[in-house]
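What follows is one chain in structure tokens, specifically the form predicted alone.
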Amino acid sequence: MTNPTSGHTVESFNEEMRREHRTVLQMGALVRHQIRNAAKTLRDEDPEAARKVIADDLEVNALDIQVAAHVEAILARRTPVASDLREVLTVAKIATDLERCGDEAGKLAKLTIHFFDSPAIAPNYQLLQEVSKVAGFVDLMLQESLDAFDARNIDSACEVIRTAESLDGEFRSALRRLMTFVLEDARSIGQFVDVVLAIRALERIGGHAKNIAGYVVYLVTGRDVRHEDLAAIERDLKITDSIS
């Protein structure tokens, strides 16, 4: 006998997951806004705007807590399995990575305050250009990973993972360029350390974007690819496609 409430239950679950999906995308938009604004505060020498970036992180934190509470309630009420369970877990994991991206954006904003709240500190603008360059790079990665999640697009997710594998090269190139400025003027060594820490924060955002892309692969295929390189992921996905 057909359960007369089953259709309603399935639709109710789907609506709950659509709500969490929208919340995660909202979090992503806020975090990307933080990253862009944090980089802009450096270019504009604006410590007050940097403080606003840091304050905005409270909204991201609140959404992270909201998603966690909703996920806990869904697991308790629905006890989802298979693809439904993967969807719930993926939402929770992405929210966590986005919250950490917001923290890293806050570190970048604190660099603005460090440099421009004290008139005694005169930053080397060539050093700061490297920060803006890497910020644009990881912001695009984050956008593409969220787009892949929204569309459940494995190809796009793999492209983010491919980009992430080149992020280390971008970071090393930035370090080499920064070292040339230090060699020309040893007085900038303190600023060099500060800027390197900022770029490291941005590099971690790129790492979180890669994590999100990996969660997309997990969501669609059930395969956990967090500790695999792209070649192995693509090879196994092709094998799966040929079997199906």
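Small disclaimer: the values here were computed from a predicted structure and weren't measured. Throughout, we count residues from 1 along the sequence that is shown.
We do not show the form predicted in complex with another copy of the chain, though everything after this point is about it.
Chemist: Can R18 be called a contact residue for another copy of the chain in the predicted complex at 4.5 Å between heavy atoms?
Modeler: R18: no, not in contact with another copy of the chain in the predicted complex.
Chemist: At 4.5 Å between heavy atoms, is D139 in contact with another copy of the chain in the predicted complex?
Modeler: Outside the cut-off, so no.
Chemist: Evaluate R235 for contact with another copy of the chain in the predicted complex, applying a 4.5 angstroms cut-off between non-hydrogen atoms, and reply yes or no.
Modeler: No - in the predicted complex, heavy atoms of R235 and another copy of the chain never come within 4.5 Å of each other.
Chemist: Since only the chain is shown here, I'm wondering whether D229 would be in contact with another copy of the chain in the predicted complex (any heavy atom pair within 4.5 Å).
Modeler: It does not: once another copy of the chain is placed as it appears in the predicted complex, D229 has no heavy atom within 4.5 Å of it.
Chemist: May I ask whether L89, L175 and D224 each come within 4.5 Å of another copy of the chain in the predicted complex, counting any non-hydrogen atom?
Modeler: Yes, the whole trio is in contact, each within 4.5 Å by some heavy atom.
Chemist: Quick one: which of 67-75, 123-131, 158-166, 144-152 gets within 4.5 Å of another copy of the chain in the predicted complex, going by heavy atoms?
Modeler: In short, 67-75.
Chemist: What residues in 192-226 sit within 4.5 Å of another copy of the chain in the predicted complex, counting heavy atoms only?
Modeler: Result: F192, V193, D194, V196, L197, R200, H208, N211, Y215, Y218, D224, R226.
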